[in-house]
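Heads up, the chain below is alone and in the form predicted alone; it's given as structure tokens.
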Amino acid sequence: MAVATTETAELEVVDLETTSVRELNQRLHDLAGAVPGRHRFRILNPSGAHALACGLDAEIEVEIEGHVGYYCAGMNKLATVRVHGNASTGIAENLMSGQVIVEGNASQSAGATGRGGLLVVRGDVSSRCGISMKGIDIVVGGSVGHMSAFMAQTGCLVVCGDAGDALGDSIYEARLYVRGTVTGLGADCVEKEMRDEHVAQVAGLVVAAGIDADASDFRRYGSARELYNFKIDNAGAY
């Protein structure tokens, strides 16, 4: 299959004005099991295309020059994907490992169901950021919308700005850290003590994300553990 590319010794450039998304993703999938650090890609003219760089399974680097559509870098494993623009719904959905970095803003459900790895959004994120997260770490340089970390199980959500209403609704054991104001907490989510271990965790995550923030400025939120088992008195909260 011919893929329109320009190659140098270290960098492969793919122009989506002359190459289809299907061809690009197949090229990236063909690198499963490749030697780590040997493959770098620069994607031109994404023009909001959906499902770019999904299902990767190799330690490669992918730079996308522009805005992306739905589910970019979904189901990523091992790779580093950087979006030089904004991202639509479901960026890094079900992230397994590796890193996904968005230099702009992201729409709803960023990092949904993520099981590992690191998602960084330098701007703002819309609603349901980190919904049902299962081990992913998410660092947001700006603010997040309502229902973020809904049913979050494990992992960390670090928000350097503000959080919308119903933060952490029906949360399990994920850790939520917010530097700004929280409009409202969801069912079974409460503010918790920010101990030294939590300050250290936030400090490590913001450094990994390349974001300048003082870890001591954050507050921690987590589960009150009142909804783990059914209680008739809490029926209205289920």
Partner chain sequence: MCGIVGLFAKSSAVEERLGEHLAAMLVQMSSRGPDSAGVAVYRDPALPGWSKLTLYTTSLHEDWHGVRDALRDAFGACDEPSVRSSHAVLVVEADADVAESWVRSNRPDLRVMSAGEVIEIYKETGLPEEFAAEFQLEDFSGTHALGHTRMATESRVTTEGSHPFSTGLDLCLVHNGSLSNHNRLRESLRREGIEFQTENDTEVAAGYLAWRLHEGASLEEALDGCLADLDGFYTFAVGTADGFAVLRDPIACKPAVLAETDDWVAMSSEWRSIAVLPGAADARAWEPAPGVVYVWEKATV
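Worth saying up front: this structure is predicted, and the values here are computed from it rather than measured. Residue numbers count along the first chain shown, from 1.
Below, we refer to the form predicted in complex with its partner chain, which is not included among the displayed structures.
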Q. Quick check: do Gly74, Thr113 and Lys134 each get a heavy atom within 4.5 Å of its partner chain in the predicted complex?
A. no
Q.
I need the one stretch from 184-192, 209-217, 28-36, 44-52 whose residues put non-hydrogen atoms within 4.5 angstroms of its partner chain in the predicted complex.
A. 44-52
Q) Does Asn105 reach its partner chain in the predicted complex, with heavy atoms at most 4.5 Å apart? A) yes
**Q.** Touches its partner chain in the predicted complex: Arg40 (any heavy atom, 4.5 Å)
**A.** no
Q. Hey, in the predicted complex, does His146 get a heavy atom within 4.5 angstroms of its partner chain?
A. yes
Q. Wondering, does Tyr172 line up within 4.5 Å of its partner chain in the predicted complex on heavy atoms?
A. no
Q: Name the single residue among Ser97, Thr80, Ser126, Gln153 that comes within 4.5 Å of its partner chain in the predicted complex, judging by heavy atoms.
A: Ser126
Q | Residues within stretch 25-43 having a non-hydrogen atom within 4.5 Å of its partner chain in the predicted complex | A | none
